[in-house]
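One chain is shown next in structure tokens, namely the form predicted alone.
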């Protein structure tokens, strides 16, 4: 189980995350924020890459999923991951703030939604939800 101690997350096993975003600036920001919290993470440029990474056998505790990407968007990727039995916490991230668009993304199988830009506080909020749900996949 994850606990927040002195600015980092203490885990029985190292926590992992997958950042799925087509924008290189967002990839870098999200990657660094997670790293600063002591979370190992990998980047995928679109939903298809995220699916392929999971098909290769990799598992993550957290997936930060952008909504709008080429090749396969976040809605379709989230649906496919859930259909594959992936139980990781999936947090949707987007600049979209229209309630109907957020609801459509949530209904695809998200556990959480955060508006971009992500901050340490927003990531910690997501991590607290993982901690409380006990959904860390060791």
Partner chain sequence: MASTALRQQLSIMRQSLFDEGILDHDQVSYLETLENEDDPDFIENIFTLFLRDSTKYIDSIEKALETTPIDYPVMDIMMYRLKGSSASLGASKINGETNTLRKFFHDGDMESGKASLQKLKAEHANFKEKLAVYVGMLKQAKLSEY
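Residue numbers count along the first chain shown, from 1. Given the structure is predicted, the values throughout are model-derived calculations rather than measurements.
FYI, the form predicted together with the partner chain isn't displayed, but the following is about it.
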Counting only non-hydrogen atoms, choose the one of 102 to 110, 25 to 33, 74 to 82, 51 to 59 that falls within 4.5 Å of the partner chain in the model of the complex.
25 to 33
Classify residue 120 as contacting or not contacting the partner chain in the model of the complex by the rule of any non-hydrogen atom within 4.5 angstroms, answering yes or no.
yes
Would you check, heavy atoms only and a 4.5 Å threshold, whether residue 69 touches the partner chain in the model of the complex?
yes
Only counting heavy atoms and a 4.5 Å limit, does any residue of 77 to 108 reach the partner chain in the model of the complex, and if so which ones?
95, 96, 101
